[in-house]
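Single chain ahead, written as structure tokens, the form predicted alone.
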């Protein structure tokens, strides 16, 4: 019987990839995915108010993309697009998911994990999910919770179901809530109140962190959340322990992975999303308060993964990627001194806007990759790359052809990822409250109505009723709208954007 590796090499040769893949067998893949971390929040990208030695090490030992993007300026649509290879704006129901949302990615869909599982990988996801769980109508938190990650290509999952600021505040391992007492069943609602648990609105005296906007419903661990929850007392998490808990699970997945089989780990951090409640050992590590301290904690999580790979002798054979699901936000719902203590730190770096924004800071995020056997150390690339390209890129890496219907907006950027080419995408559709088209250094934002700032966060949103046009090469801060000076270019880009929308695919 022919081995998995032999079949892989034969397929690679048939696809003309023999030279590309002959240097090593399929690498293990670890995808480290941060939450709300901005382009400028890393030391390797200019931050001085916070130190990120583990992430700086990744950049020093691999490649750093200066024009790397999340698919969207918010979390759920970015995660959807990265795992499916389809822009989320093509599908209804892919906006920011409620805590009790049904599964957004349906079983049978070709996904990033299913592509790698087909190639013989053991696959796991640990950390924040926020892509819904269960059938239409939402999950039964007291029974089997499916469909979910295990039904779309993952072999193992340990999840924060939605976000730390949304109920239910419990972990889900595979199909069950961890530590649930059957005599204390969980109920969750996002409309009217359920149960008698105190809320932040009713009992602010019980809070150790107060909301700045919203986030005033059921209190868990002294912090009021979005939504109402009752029951599940023994299963509820302690925010200060969350990074430790999910990092332990991520490390254990790597440790338990069979050595004769490659693995794919999607390690999705909660940090630095609100509520920012780092473990006491990280409190005070920066002068920026909880937001800065949470960055330090996140970097520690990265260091634990890198140390595990070193200890097990797996570093050379593992492709490690780091990115974030959208740009930065400072005040996102709690009084945690993030605004007052920001100082000179620029979370989005030279880019304007942040989370929720059409400006470049909404989707341009850290994008690092290390694979010692293949990626030259210390490489900096200006190639335009996006997380939506991971399905097609990993399919190519493992010698697979995607069907035409699969990953419709995902392009094979393997040469760019490996530092062998400076050519990335020739265009990218950025997604916030409206759509933008990038072509080289040019950026067109389609006509956009509405306020110029997010009323809650103060984020500059970008966009204008007649559309906007910027040249990022000369104006990275998007300060000068050129749409009246370059009408032909604006019209051509608007036409292309509409064509991409209408086509239903861009690959």
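Residue numbers count along the first chain shown, from 1. Bear in mind that the values here come from a model prediction, so they are computed numbers and not experimental data.
Just so it is clear, the following notes concern the form predicted in complex with a small molecule, a form of the same protein that is not shown.
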Inset, instruction - Would you please decide whether residue 35 lies within 4.5 angstroms of the small molecule in the predicted bound form, comparing each non-hydrogen atom pair? - result: yes
Legend entry - Contact label in the predicted bound form: residue 274 to the small molecule, heavy atom within 4.5 Å: yes
Inset, instruction - Decide whether residue 355 counts as a contact residue for the small molecule in the predicted bound form under a heavy atom distance cut-off of 4.5 Å. - result: yes
Inset, instruction - Report yes if any heavy atom of residue 84 sits within 4.5 Å of a heavy atom of the small molecule in the predicted bound form; otherwise report no. - result: no
Inset, instruction - Could you tell me which stretch in 162-170, 288-296, 338-346, 115-123 has residues with non-hydrogen atoms within 4.5 Å of the small molecule in the predicted bound form? - result: 162-170
Legend entry - Triplet 31, 64 and 324 all within 4.5 Å of the small molecule in the predicted bound form via a heavy atom: no
Legend entry - in the predicted bound form, the residue from 234, 206, 283, 96 that sits within 4.5 Å of the small molecule by heavy atoms: 96
Legend entry - One residue of 374, 215, 189, 279 in contact with the small molecule, assessed in the predicted bound form (non-hydrogen atom, 4.5 angstroms): 215
